[in-house]
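Only one chain is shown below, in structure tokens, and it's the form predicted alone.
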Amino acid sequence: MNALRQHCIDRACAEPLDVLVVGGGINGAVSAAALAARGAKVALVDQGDFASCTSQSSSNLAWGGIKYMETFEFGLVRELCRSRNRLMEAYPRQVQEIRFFTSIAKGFRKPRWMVFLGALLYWLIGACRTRPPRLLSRAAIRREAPMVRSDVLAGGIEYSDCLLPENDARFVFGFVRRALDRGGMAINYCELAAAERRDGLWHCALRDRAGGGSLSIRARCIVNAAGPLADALNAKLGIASPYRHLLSKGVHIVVPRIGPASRVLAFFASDGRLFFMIPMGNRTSIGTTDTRVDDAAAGPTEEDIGFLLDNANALLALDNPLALTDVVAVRCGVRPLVVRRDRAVEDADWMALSRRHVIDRHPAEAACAIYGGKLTDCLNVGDEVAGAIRSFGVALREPDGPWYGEEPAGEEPEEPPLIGACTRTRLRRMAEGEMVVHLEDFLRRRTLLALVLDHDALRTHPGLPEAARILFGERAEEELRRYFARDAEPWAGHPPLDKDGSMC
């Protein structure tokens, strides 16, 4: 088993921690990084791989919340724009400005000039840190985006937000790595089975889902960063919160490249929501849906895939309309939306719910839970969680330098990539420092390979067997068999679709 992972297990079990963070998505990872930088003895655990739940299925966008302009949530937009700008400064390679080419249909609920004024105000609220918006005529759309159906349009606008050119899960792991570098511990495939508070400590029993056996960890404080599973974790901890999560399923499909890599095509879908076609390497990610669900593990359905294909084909002027055979991968995540427990939410209010986050503090139990949130606002989450832990009596120092941000690009030896952009040297570093327990961790979360190569292309890739040997040693053949025996894998861990369009 991975040596770094075992080292973290040994340290986490040896003596009481200051903080145990449960949940290794963006909220948990950023919390662990913020706490480790302030001198806390912190461990991060996740029942799966890091970022293997909601945080691996975002739109890969860091955006200031332009959709909240329509509901006049200007305070939230200002907060999100500040957060986006902060990410742009700290991660110039990983968070990059990109233009959004937005088409507006004839008869849309707002006239084109009003949408443009909204985009202009959005730019001003964002401190003019991006290129200014511009108004688009139908002629401009025909000239600059000939793949878009212009006959049904009144025109459009162009504005800027940010894109993660790598993947969201890779971005999350950067915070895990930051925590490790500052003396923190991180353990993936480690599930919290039970926890009891006594004598001023949380006594936690955990299951090692990768190595087998059980672990015992003691911690002064607990951070519930379980995302859509936060309510269930609070119940396990015996904590009653005034907040609860409503769950929204979002689905994207990945298809061959549509349009230039330097632009996001944005539309308003048939349900009235913003609908994006987003560059992803040599592919395009199309989405997203917004479906109220009760299950945090909800997967894509025929209706979801049909909705995305139908809307894409209605909005594009392609010689060959997109079909199920064009779908390389499907991404499906469940967004946790925070509401007060005593609030009833009608279906009519569903899509108006925002991604605002709340840090729910429980001083008597030395516990806090992160409700809601989105990737764009992650740095604020880290700062606020550190503030909560300090308020519980844990002595934290000020960080001795930035606790987040991009590491300088190192000198890479000149060698050809073995698979994707991964050279043998990079794979060896990944094996030593990134806790790649299963092949899916590498293909889906440390890289984009499972999203841009279809199942057959991965299976027959000449570099994959050697990459597996570098990552897993004598377990390489076992991991290859395990991965390709999973019929669901072409669909990113969700139930597969037959190419005739029916669910298997």
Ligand SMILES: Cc1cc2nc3c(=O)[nH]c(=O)nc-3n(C[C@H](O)[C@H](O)[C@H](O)COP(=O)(O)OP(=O)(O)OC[C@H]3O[C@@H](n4cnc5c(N)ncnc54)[C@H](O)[C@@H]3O)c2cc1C
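Worth saying up front: this structure is predicted, and the values here are computed from it rather than measured. Note that residue numbering follows the sequence shown and begins at 1.
Beyond what is shown, the protein has a form predicted together with the ligand; the following relates to that form.
(request) Please check if residue 63 has a heavy atom lying within 4.5 Å of any heavy atom of the ligand in the model of the complex. (result) Yes, contact at 4.5 Å.
(message) Against the ligand in the model of the complex, would residue 470 count as a contact residue? Criterion: heavy atoms within 4.5 Å.
(response) The answer is no: residue 470 has no heavy atom within 4.5 Å of the ligand.
(message) Given that the ligand is not shown alongside this chain, does residue 375 nevertheless sit within 4.5 Å of it in the model of the complex, heavy atom to heavy atom?
(response) Yes, residue 375 is a contact residue.
(message) Whether residue 367 contacts the ligand in the model of the complex should be assessed with a 4.5 Å heavy atom distance threshold; does it?
(response) Close contact is absent here: in the model of the complex, residue 367 is far from the ligand, nothing within 4.5 Å, heavy atoms only.
(message) Give me the residue from 134, 236, 142, 257 that has a heavy atom within 4.5 Å of the ligand in the model of the complex.
(response) Exactly one listed residue reaches within 4.5 Å, namely 236.
(request) Counting non-hydrogen atoms within 4.5 angstroms of the ligand in the model of the complex, say which of 97, 191, 302, 383 makes the cut. (result) By the 4.5 Å heavy-atom cutoff, the listed residue in contact is 191.
(request) With the ligand left out here, work out from 220 to 228, 420 to 428, 110 to 118, 124 to 132 which stretch has heavy atoms within 4.5 Å of it in the model of the complex. (result) Comparing against the ligand in the model of the complex, the contact stretch is 220 to 228.
(request) Would you mind checking 19 to 43 for residues with a heavy atom within 4.5 Å of the ligand in the model of the complex? (result) Counting only heavy atoms within 4.5 Å of the ligand in the model of the complex, the contacting residues of 19 to 43 are 22, 23, 24, 25, 26, 27, 28.
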